[in-house]
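The data below hold one chain only, encoded as structure tokens and taken in the form predicted alone.
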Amino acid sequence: MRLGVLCSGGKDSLYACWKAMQKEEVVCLITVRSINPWSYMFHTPNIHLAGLQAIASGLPLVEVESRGEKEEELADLTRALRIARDEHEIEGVVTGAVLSVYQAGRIQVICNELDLWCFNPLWHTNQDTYMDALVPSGFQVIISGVFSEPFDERWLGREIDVAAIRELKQARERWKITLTGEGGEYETSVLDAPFFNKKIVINKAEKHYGNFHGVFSIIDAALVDK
């Protein structure tokens, strides 16, 4: 089956992409680039990295812009999936949804309207097993945004390595966060993945932080050989 992957640039969508590649044919990445940083549907920090991720994956990118208004976002997503269906002949859509019924349900409705299969390889997965698999599987992931306690400025731009995962598990116990950040506590950007033929390096970035809310904004990045 020919699949398009909804790609936010974060760990969940690209891990789901990798899982889908093991079963079906992934033919494109699909990104909705919201200009509203508080989008209801879409990841926004460093969404521009999706272009580099697509090149590193050897896949075409279908990208549409959205004003990020609550209901209009669904029309923008429909437009993106229709383009992927018509231009790349996708038969299904891969999402990185883990727990969000709001997102998964709305994507499913749109897929039904467009006669596309919806594949959610991480849906209700064991979060410990998933997070523990990231590093040994070959994913290099950084935290690109924090939006709740206990995350201070030191987390911005931090790589999710074994030590970071251990601290996230401790924060889950004390602060009741979701380990994967699915509750909106933090967002991520992927710099390398097992299916990338190059990796992303950051040349320039800025931190913007205050009161447990912050973004690690990547100003300049490039692809280099692994």
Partner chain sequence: MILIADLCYRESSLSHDEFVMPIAEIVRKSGIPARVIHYSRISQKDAAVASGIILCGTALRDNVFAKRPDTFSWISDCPSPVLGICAGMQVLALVFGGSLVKSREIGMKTVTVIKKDPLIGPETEFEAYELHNFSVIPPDSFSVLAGSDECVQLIKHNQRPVWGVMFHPEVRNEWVVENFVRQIC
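Given the structure is predicted, the values throughout are model-derived calculations rather than measurements. Positions refer to the first chain, counted from 1.
There is another form of this protein, the form predicted in complex with its partner chain, and it is not shown here; the text below is about that form.
- For Q108, a non-hydrogen atom is located within 4.5 Å of its partner chain in the model of the complex, even though that partner is not displayed.
- In the model of the complex, at least one heavy atom of H124 sits within 4.5 Å of a heavy atom of its partner chain.
- The closest non-hydrogen atom of A104 lies within 4.5 Å of its partner chain in the model of the complex.
- Heavy atoms of V135 never reach within 4.5 Å of its partner chain in the model of the complex, leaving it off the interface.
- Checking 151 to 159, 114 to 122, 138 to 146, 76 to 84 against its partner chain in the model of the complex, the stretch whose residues place heavy atoms within 4.5 Å of it is 114 to 122.
- Of all the residues from 9 to 30, those having a non-hydrogen atom no more than 4.5 Å from its partner chain in the model of the complex are K19, A20, K23, E24.
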